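One chain follows as structure tokens, the form predicted on its own.
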Amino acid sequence: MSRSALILTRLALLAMVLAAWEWLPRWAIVNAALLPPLSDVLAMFVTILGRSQVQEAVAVTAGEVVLAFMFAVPIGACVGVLVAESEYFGQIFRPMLFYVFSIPKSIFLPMFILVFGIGFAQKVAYAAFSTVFIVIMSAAAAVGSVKADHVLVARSYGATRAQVLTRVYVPSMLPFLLETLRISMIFNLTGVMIAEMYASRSGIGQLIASWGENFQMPQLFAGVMLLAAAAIAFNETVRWLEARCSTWRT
């Protein structure tokens, strides 16, 4: 299938879903109290964007997401490279990392609430904790993807450890790390949303939970649409960067 045909197929499928969302509730095939028509949700989306309460909540959530991401990604990448590059540290920490990675992180949320209280620090810490393990595992896998011959040649020419890292590992790993950023943002945003919906006094997740509890379905779907738009924008930006760096694969 050609690229243009693929795009047309995707657009047709999207149009069918949106049309069904609009008309199924209006024709009473689906309960409009549970699934409001798309036009009502879009109107509510525009309305809530103009509310200062929502704008403040979005700013709080954005700050939490960015700060947690800034903590989780560098720490996770450094640990992942260390575990993959050092056989000693790999044998010690790799089994433990796999064990912790397999545990649902939501069970640790009460511990973060007890330690940090209900507030900004608790949500950032929990989101960073939820994200750092996927970054570690992905970074370790990215190091394993680097061809050993390239590292051997660099060291044969007298490259230092720092030069091998910056001139061999980083260019080879960059496309994989960009893909890791896309995946880790999903975990990061999910961690923030869980923390806000479970125990929080601010943030868009707290508002969405409140709308759901009060059966305000247009506001609920508008809030979900807002989160989806932000996630899609980040995902497509990183995908564009990944495509630009695809020629760096070795």
Partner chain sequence: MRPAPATVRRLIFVLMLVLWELVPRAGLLPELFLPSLSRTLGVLMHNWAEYAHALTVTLYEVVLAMLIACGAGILIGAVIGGLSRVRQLLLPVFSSLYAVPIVILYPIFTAWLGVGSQSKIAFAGVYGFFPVMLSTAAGIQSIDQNFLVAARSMGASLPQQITRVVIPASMPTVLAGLRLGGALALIGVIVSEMLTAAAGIGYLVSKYRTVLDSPRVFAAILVILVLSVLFDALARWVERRALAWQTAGRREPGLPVEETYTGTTVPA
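Residue numbers count along the first chain shown, from 1. In this text the structure is predicted, and so the values were computed from the model without any measurement.
There is also a form predicted in complex with the partner chain; it is not shown, and the following applies to it.
In the predicted complex, the partner chain lies farther than 4.5 Å from every heavy atom of L18. Contact annotation for Q91: at least one heavy atom lies within 4.5 Å of the partner chain in the predicted complex.
Among residues of the shown chain, L13 is one whose heavy atoms approach the partner chain to within 4.5 Å in the predicted complex. Proximity of F221 to the partner chain in the predicted complex: non-hydrogen atoms within 4.5 Å are present. Proximity to the partner chain in the predicted complex, defined as a heavy atom within 4.5 Å, holds among L35, V60, L67, L42 only for L35. Checked against the partner chain in the predicted complex, the residues P110, G144, P74, G119 give one hit for a heavy atom within 4.5 Å, which is P110. For the three marked residues, G50, V79 and V124, no heavy atom of any sits within 4.5 Å of the partner chain in the predicted complex. Along 197-228, these residues reach a heavy atom to within 4.5 Å of the partner chain in the predicted complex: M197, Y198, A199, I208, A209, G212, F215, M217, L220, F221, V224, L227, A228.
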